[in-house]
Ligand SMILES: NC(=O)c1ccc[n+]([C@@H]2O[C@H](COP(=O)([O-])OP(=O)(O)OC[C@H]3O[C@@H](n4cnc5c(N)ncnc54)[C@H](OP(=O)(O)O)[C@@H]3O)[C@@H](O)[C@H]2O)c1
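Single chain ahead, by itself, as C-alpha cells, in the form predicted on its own.
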C-alpha cells in the first residue's frame, strides 16, 4: 500500500518535496494556503497574513547554477542572477516538467497536524485542513513541513523608546514594495542584512536623504567576483577545505583583506567588531557607491524617537523623518503543531540535522528548508527532502535518540562559539559542509578519490570547480545523466552518468 505524505506549503521547498516523494514511490498531497506556487518568491502587491512577502525589485543573491534543483538546470538564456519573476518562471517549468501541480491543493490552510493515538505503532498523523470555510480531516503516513522562516516579521518596537510618539510612518521590510511614494522624503532603514541593504539603496535613489542604522556593522560582499564570474562560484571544495584546516581568525583575515581591497569598511563606517564568518554576510553591489555619493548615510543604533526626530547612539539627531523601515528579520513557528512535537523558543528548534524532531517514536515528520545558508536554499531543501523520503520508506535509519541529541547539542555549541548572538544565526549552515553531511546519509556524496582515478577531468571539476547541485546526482539513489541535448535523464543506480557536462 502506497504511503501518503502531507506536504505543507507549495514554495520551492514544497515543490522539491513533492518531486522527491514521487521519485521514491510515495503519494504526496501538498496543501498550499494561497492560490499559486512559489512561496517567498511570488510577488504580491498586498502582503497576506502569515505569508512571506517580497518587494518588487528583488533579485536573488545566488547565481543560477548554484540555486537550481539538481536534476533540472535553469535555462542557459536566463541571467546569472535572476529577478523574482524569472525565479517564478523556473519554478513553473520545474512543476510542469515533473507534473507536480496536480498534487497540490490550493487555497487550503492546514489547521492541525497531530499524532494519531496509535502513533508509536503506525507513525501516522491526523491532518486537519480548511478550504472555502469547510474543515476536513485526513490521515497521512508522514508529514513534510515546508513553510520557511520568513512568515512572521520581527518588529522589536520595545527596543526603540519613543516610537509611539513618532509622527511619520513605520513598517517592517516585509511591507515595503516600491520607493516612489517616498520621493524627496527623509527615511531611515534599521538593519543591514540583505533586505535592509537592498531597500536602503533603492530608497536612496528617490529620497531627500536615506539613513542606514546598524548596531554592529557588516561585511559587504559583491555578487560579481574575480574576472566578472559570480562570486558564489568561487566558494568551491578547496575553499571549504581551507576553512576547516586554517585557524578561524586566519581564514577570516584572508577574506576580510579581500573585501577591504574593494572598499575599506572602516572608512565607510561599516566595519564590524566581529569577524567575517561570524555573521551572515550582506550581499550588495551598490551600497558602497551610495555611501560614497552621500545618498546613504550610515548611522549607529537608534537611541530614541521623539515626534518626527530620530536620535542615534552617537548623539546625532535627524529631524523631520518621514519613514522608518524595520529590516529586523523574522521569527518562525509551527502553530499547527503541538509544542511537544517541535518546540520553538527564541528562533531555536531542536531538530536533528535541522530536519527531524529527535524524540518521536517514529521518524515520520520532517521540517524542510529551515536553514539559513550562505548560498541558496533550493538545493539544500531538495537534499533534505531526498533524505527524508528515504527515511520515511525505511531505506535510511536515524541514529538513537541520544546520538541525535548529542549532534544537536554539538551544532548549537559550535554555532554559539562562531556566530554573533542573534536570532538570524540560530539556523545558520555552511552550504558545502551541510550538503555533504546530508548527502552522505542519502548515499549521494561525491566519491572524489574514485573520480580522480576513474575520471580525472570530472574529479578535478568537482574539487576545483563550483560545488553545483549537479554534483549530488553523480552516484547513489537518484543518479542522473545529462544527454546530448543537455537535458537530464534518470539513469538509475547502475547507469553511467555524464553530469560532468553540467559541471
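Since the model is a prediction, treat every value here as computed from it, not as a measurement. Numbering follows the first chain given and starts at 1.
There is also a form predicted together with the named molecule; it is not shown, and the following applies to it.
Although the partner is absent here, residue 188 lies well away from the named molecule in the predicted bound form, with no heavy atom inside 4.5 Å. At least one heavy atom of residue 196 is located within 4.5 Å of the named molecule in the predicted bound form.
At the 4.5 Å threshold, heavy atoms of residue 142 stay clear of the named molecule in the predicted bound form, well away from it. In the predicted bound form, residue 223 approaches the named molecule with a heavy atom inside 4.5 Å. Among the residues 215, 362, 393, 418, the one placing a heavy atom within 4.5 Å of the named molecule in the predicted bound form is 215.
With the partner omitted from this view, the residue of 80, 260, 301, 350 that lies near the named molecule in the predicted bound form is 301 [heavy atom within 4.5 Å]. Proximity to the named molecule in the predicted bound form, taken as heavy atoms within 4.5 Å, picks out 147 to 155 from the listed stretches 406 to 414, 338 to 346, 351 to 359, 147 to 155. Interface residues of 313 to 348, taken as those with a heavy atom within 4.5 Å of the named molecule in the predicted bound form (partner not displayed): 327, 328, 329, 330, in sequence order.
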